[in-house]
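In the block that follows, a single chain appears as structure tokens, in the form predicted alone.
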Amino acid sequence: MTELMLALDVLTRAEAMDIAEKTYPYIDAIKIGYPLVLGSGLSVARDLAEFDLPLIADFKVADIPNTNRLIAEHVFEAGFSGIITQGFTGRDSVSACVDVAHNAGGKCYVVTEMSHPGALDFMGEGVAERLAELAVECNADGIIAPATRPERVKALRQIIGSKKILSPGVGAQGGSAEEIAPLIDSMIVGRSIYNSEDPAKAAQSYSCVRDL
């Protein structure tokens, strides 16, 4: 079964808690990034912990190994269960995040190809494959691959085997839940849920696709 991950890219703690409260029965994990953390602080992770769901820090960490290590340590000390890092910074930087994650009992996912059109300027065919290979070599737990380009997900699956694929781009960016769900491990949906007039109903509709 493909998991449903809520991308909670809202600005305030109150909004995040409200959306999570409405949707948590239908989702399998929550992903938050800079918009919420810059507005509410890392401590928002402890508030969201009440829903007893895995919490992924989507910081797309991209720095030298020591800085990556320090960022990842803060993430896991705050109560997150996973972190997303960029792969283009190289083996040592990726390994720094992977090592901290695994030492904390958490998971690390490597971005191979993003879901927006501009990603193809630098992260398209060839580059994404090399980043997927790097994720495997560094023992990352999985990769980020675009729901907007299912054919690319299929190609990257051939490289990573049974490692997890988390796939953003469903809904607002045009990715089809029905098409991508059989190819991946976790379907990431954000605006189509939290901007809906009825977030619970929207989450439930995606959870039905997840269960196909």
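Residues carry their position along the shown sequence, with the first being 1. Since the model is a prediction, treat every value here as computed from it, not as a measurement.
We do not show the form predicted in complex with a small molecule, though everything after this point is about it.
Exercise for the section: Identify whether the small molecule in the predicted complex is within 4.5 Å of every residue in the set Thr85, Val94 and Ala135, based on non-hydrogen atoms. Expected result: Verified in the predicted complex; spot residues all out of contact, no.
Practice task
Verify the contact flag for Lys164: yes if a non-hydrogen atom of it lies within 4.5 Å of a non-hydrogen atom of the small molecule in the predicted complex, no if not.
Solution key: Heavy-atom contact with the small molecule at 4.5 Å: absent for Lys164.
Problem - is_contact(Ala57, the small molecule) in the predicted complex, heavy atom dist at most 4.5 Å - result: No - in the predicted complex, heavy atoms of Ala57 and the small molecule never come within 4.5 Å of each other.
Problem - Close approach of Gln173 to the small molecule in the predicted complex, 4.5 Å, heavy atom - result: Although the small molecule is absent here, Gln173 would touch it in the predicted complex, with heavy atoms inside 4.5 Å.
Handout entry: Close approach of Met114 to the small molecule in the predicted complex, 4.5 Å, heavy atom
Key = Yes, Met114 lies within 4.5 Å of the small molecule in the predicted complex.
Exercise for the section: Counting only non-hydrogen atoms, choose the one of 183-191, 64-72, 155-163, 42-50 that falls within 4.5 Å of the small molecule in the predicted complex. Expected result: That would be 183-191.
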